[in-house]
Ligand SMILES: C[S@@+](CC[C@H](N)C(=O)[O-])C[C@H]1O[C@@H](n2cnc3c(N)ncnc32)[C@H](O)[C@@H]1O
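Next up: just one chain, as structure tokens, the form predicted on its own.
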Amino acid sequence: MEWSKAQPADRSGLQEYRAKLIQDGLTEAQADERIAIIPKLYREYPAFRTEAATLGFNRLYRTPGQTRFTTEPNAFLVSTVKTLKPGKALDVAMGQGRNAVYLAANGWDVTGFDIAEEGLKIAAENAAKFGARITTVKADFEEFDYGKERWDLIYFVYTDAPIVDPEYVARICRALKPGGMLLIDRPFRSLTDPEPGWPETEQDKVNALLKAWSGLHIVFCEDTTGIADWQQTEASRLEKKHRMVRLLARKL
């Protein structure tokens, strides 16, 4: 982790770290054994996963001209809020704030949280450029205080939040005001590694969102293909269509 923190964004991968280990005197077999431990740590230790994700996102957000994600607001969110009266919105894992800034500039009172300090800093700066104000909080999915009947809109746009975990779903439902809206837009399958709590089999995943949020009134649900907001490179994001799921629901 310390080695990775000192590397530029394009030189911080496992293969570069393997080369560094060999340069330091390990054999190729020893380096491969060390590398094999890292995915295991990521899967089995939440603290390691959070630290690794924070490091990666901070590096990405401060990389000029990055191509991994679009900086335009999410199209599904934009089309949805056109029919809603502005109120209090929560941006879960807000990143650079592309969606929070759009909502704030259109009259919404937006709070966003993220684990990446660089993302929060850039989000606040971008909001100021538009003459808008957002509230930023450094927190992960478990730490953030969602409150009770606090939000008119909560949205999960390309996040790995545990959105099919029953306890987490209950927290979000409690946090919505009566009449409040829930919006989800994300890949059908994770972009890289399987995510904790998210079903990986085709049979289990097809209706996972509908089952998880059945306590709300489902307004819209879609299983589709299209250009993803996020992907590993600009070429793969723009040239390859991905399977995605979208959900819009209201608390009665």
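In case it trips you up, residue 1 is the first one in the sequence shown, and so on. Treat the numbers as computed from the prediction; the structure is a model and nothing was measured.
Only in words, not in the display: the form predicted together with this ligand, which the text now covers.
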Is every one of Thr80, Thr111 and Phe220 within 4.5 Å of this ligand in the predicted complex, counting heavy atoms? no
Counting any non-hydrogen atom inside 4.5 Å, which residue from Val157, Ile122, Ala132, Cys173 sits next to this ligand in the predicted complex? Val157
Listed residue that, although this ligand is not shown, lies within 4.5 Å of it in the predicted complex (heavy atoms), from Ala75, Ala139, Leu84, Ala128: Ala139
Test of understanding: in the predicted complex, would Ala53 fall inside 4.5 Å of this ligand by heavy atoms? yes
4.5 Å heavy atom contact, Trp213 to this ligand in the predicted complex: no
Can you work out whether Ile115 and this ligand are in contact in the predicted complex, taking contact to mean some heavy atom pair no more than 4.5 Å apart? yes
Flag Gly180 as yes or no: does it have a non-hydrogen atom within 4.5 angstroms of any non-hydrogen atom of this ligand in the predicted complex? no
